[in-house]
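A single chain, nothing else alongside it, follows as structure tokens in the form predicted alone.
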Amino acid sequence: MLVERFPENPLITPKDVKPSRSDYQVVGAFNAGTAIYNDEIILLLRVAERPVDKKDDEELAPIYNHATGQIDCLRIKLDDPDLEPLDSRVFHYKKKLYLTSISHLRIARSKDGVNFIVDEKPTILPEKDYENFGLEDPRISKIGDTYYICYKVVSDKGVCTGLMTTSDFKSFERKGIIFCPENIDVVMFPEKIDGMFYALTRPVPMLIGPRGVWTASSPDTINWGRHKPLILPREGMFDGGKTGGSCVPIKTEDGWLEIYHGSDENDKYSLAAALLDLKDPSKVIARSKEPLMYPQANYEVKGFYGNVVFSCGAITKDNGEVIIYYGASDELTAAAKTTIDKIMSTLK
């Protein structure tokens, strides 16, 4: 086996997370960024919520109101001719896209990497006008003593990438939007390369071109340029639909090892790997010929949005073991362990 799923899976489910307010329910706790802080494994969870009073004959969208600091709710009857349901996550209404839940970020902590205690209160709630549909899918890169958190910000203006920093996971400083719509799945490398910060990005072309992983570099983490395509979809393969960065790249003697996600033409999400040049990560040395991991367990195949394994972070140990924390079916948090050697064996 290339990966070994934890027998305790799923590690965190919606019922393990206290709602941010009494009239809401948690529908997802998944896609967590990972870090080690004070000898604890930190998962910065995406927690998706919606009102408990949703009726069977309606669709709804919770929306943060920046002017009032409250969450309003758009409610649409299912027989409304302007409503176009798309899937369990989104719908169109009067030709505008809405989300069926709103997400915030919340910390879960563990000493052993298996048993997590989820904070009772949200860590980071929507606050800015560019966050009125929620905060999603953080990736955490430690550079020096600072943790850089790239996260997806969603609003009626578009899907962007925001950046915030912390040194203690208590106070967080928002740096604003660093990539405009729609450039997401941003993962920063854990150190400077030739004096520059590097990141993996995923622009979404509207007219021409595939949805795949690019690279970008920056002198200061705020101003990004030198964009180059890198890990693009491969037609007819498990990652032929789209690709995106997942985990923070792992530095090895042979190159930067990136665990990325890819979906096929049926929107089944798998995890795979690519090896990038140490001195110039815009160059691919090798790439997985087979998935490292694909949906197999029942909690991965079925759920809020089935057939998805999607990672935002991994923990690497000194002995070469890699623990991948991943979202299953856009609902749960699970984990699997592997080794750098096993990941390397999938490359060609």
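All of these numbers come straight from a predicted model, not from anything done at the bench. So that there is no doubt, residue numbering starts at 1 and follows the sequence shown.
Although not depicted, the form predicted together with a further copy of the same chain is the subject of the following passage.
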Practice task
Let me know the one among K77, K96, K128, K251 whose heavy atoms come within 4.5 Å of a further copy of the same chain in the model of the complex, would you?
Solution key: K96
Practice task
Let me know the one among G236, G195, G225, P81 whose heavy atoms come within 4.5 Å of a further copy of the same chain in the model of the complex, would you?
Solution key: G225
Fill in the blank from the handout: Within 4.5 Å of a further copy of the same chain in the model of the complex, heavy atom basis, the matching stretch of 138-146, 256-264, 217-225, 269-277 is 217-225
Handout entry: P205: touches a further copy of the same chain in the model of the complex, heavy atom cutoff 4.5 angstroms
Key = yes
Exercise for the section: Check whether P181 has any heavy atom within 4.5 Å of a heavy atom of a further copy of the same chain in the model of the complex, and answer yes or no. Expected result: yes
Handout entry: Contact test in the model of the complex: T100 vs a further copy of the same chain, heavy atoms, 4.5 Å
Key = no
Problem - a further copy of the same chain contact in the model of the complex: V154, any heavy atom under 4.5 Å - result: yes
Practice task
Quick one: name the residues from 123-148 with any non-hydrogen atom within 4.5 angstroms of a further copy of the same chain in the model of the complex.
Solution key: F133
